[in-house]
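You are given C-alpha cells for the same protein chain in two forms, set apart as structure 1 and structure 2.
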Structure 1
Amino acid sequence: MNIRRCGDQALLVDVGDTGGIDAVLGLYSALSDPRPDGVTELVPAARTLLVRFDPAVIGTGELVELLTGTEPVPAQAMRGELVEIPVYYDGADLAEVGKHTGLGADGVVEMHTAAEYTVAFGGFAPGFGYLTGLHPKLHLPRRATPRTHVPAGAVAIAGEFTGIYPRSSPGGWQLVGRTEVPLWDPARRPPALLRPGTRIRFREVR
C-alpha cells in the first residue's frame, strides 16, 4: 500500500495491481461505516482509494497512521445487498459482440446472465457503477467511436467491466441490452441503486 499526497486535504491510497479492486473495496468498506472523524469523502477507483479530510479535525500524520493501521475487510466478508436487474437483451452492439467473441448473441446473453457482479466503484455519472465479475471472454475494448447518445438504462460492457447507463449520455461502451429499473433518483435515500459493494445479477426478459 502506497500513500501519496493529493493536495493539502486529501491522500491517495494506491493498493497496486496485486491488491486490485478487492483491496480497494476492502479498505473502502473498513473506512466507510462509520467514517472516521475528519474523513469527509472516500472515492474508490480501480486501484486507488482517495481519502479527503478536514485538516481542522484530523492531521495528515494522524490520517496516514490510521490508514496504514486499517485492516481491509476481506472480499468474502463483503456480501453487499443483492439486486436483480431484468434486462431486455436487444442492445445495438449485441450481434457484433456475439460475432467478435465467437459466442453468438445467445451465448453472450447466457454468459452475461450467468455471473454475479459487484459494484467496484462509480464516478462516470451519478448512479453509475463499474461492475466487476465479467467473464474474461466478454472483455472487449470500447467502441472506436463513442456514441453521442446512449439511452438511459442501456446495459453495456467495456474492458473488464459491465455497467448500466443511469441516464442518457454520450458513451463508448458496447451496448448489449437495456433495463427499465431506475438506477438514480435524487428523491430516494440513498439516491443510487448501485453502490460500491452492491452485488448484481442480470436476468433476461423478453
Structure 2
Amino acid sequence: MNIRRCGDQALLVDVGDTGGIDAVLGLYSALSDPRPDGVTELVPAARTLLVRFDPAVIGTGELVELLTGTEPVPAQAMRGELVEIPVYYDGADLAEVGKHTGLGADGVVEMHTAAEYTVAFGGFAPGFGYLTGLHPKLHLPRRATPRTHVPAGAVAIAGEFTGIYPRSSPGGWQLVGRTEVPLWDPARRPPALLRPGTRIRFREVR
C-alpha cells in the first residue's frame, strides 16, 4: 500500500497491482461504516482510494496511521444493498458478442443474468457505475470505433466490467441490452442509484 498526499485535504491510497479492485472495495467498506471522524469523502477507483479529510479534525500523520492500520473487509463479507435491474437484451452488439465469445446471443444473456455484480467505483458520467463480477468469457475489448451516440439506459460490457449508460453520450462499450431504470436523479438522495458496494443483478425482460 502506497499513500500519497493530494493537496492539503486528501490522501490517495494506492493498493498496487496485486490488490486490485477487491482490495480497494475492502478498504472502502472498512472506512465507510462508520466513517472515521474527520474523513469527509471516500472516492474509490480501480486501484486507488481517495480519502478526503478535514485537517481541523484529523491530521495527516494521524490519518496515515489510521489507514495503514485498517484491515480491509474481505470480498465475501461485503453485503451492500441488492438492486435488480430489468433488461431488454436487444443491444446493437449482442449478436456480435455472441459470435465472438462462441456463446450465441442467448448464451450471452444467460451468462450476463447469472452473475451477481458489485459496483466497484463510479466515473465517466454522473450515475455510471463500473460493475465487477463479469464472467471472464464476456471480457471483451471496447469497440474499435466508438459510437457518437449511445442512448441512456444502454447495458454494456467492456474489459472486465459491465455497466449502464445513465444518459445519452458517446461511448465505445459493447451494447448488449437496455433498461428503463433511472440511474441518476438529482431529486433523489443520493442521486446515484448505483454506488460503490451496491450489489446488482440483471433480469431479462421479454
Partner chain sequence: MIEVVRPGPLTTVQDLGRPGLAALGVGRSGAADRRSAALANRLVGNLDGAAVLETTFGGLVLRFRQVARVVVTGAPCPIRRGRRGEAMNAPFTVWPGEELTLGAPTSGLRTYVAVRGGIGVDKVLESRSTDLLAGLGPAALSEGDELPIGDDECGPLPSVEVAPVPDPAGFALTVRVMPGPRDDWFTAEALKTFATATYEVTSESNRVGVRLTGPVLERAREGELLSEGMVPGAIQVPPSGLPLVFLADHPVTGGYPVIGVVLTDDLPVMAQARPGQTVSFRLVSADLPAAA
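Structure 1's sequence is the ruler for residue numbers, which start at 1. Basically, rigid core = biggest C-alpha set you can superpose within 1.5 Å across the two forms. These figures come from a predicted structure and were not determined experimentally.
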Two forms of the same chain here; which is the form predicted on its own? 2
With both forms fit on the core, is the shift of the CA atom of residue 192 between the two structures 2 Å or larger? no
Has the Cα of residue 57 moved 2 Å or more between the two structures, judged after a core fit? yes
Core-superposed C-alpha displacement of residue 8 between the two structures, in angstrom, equals 4.3
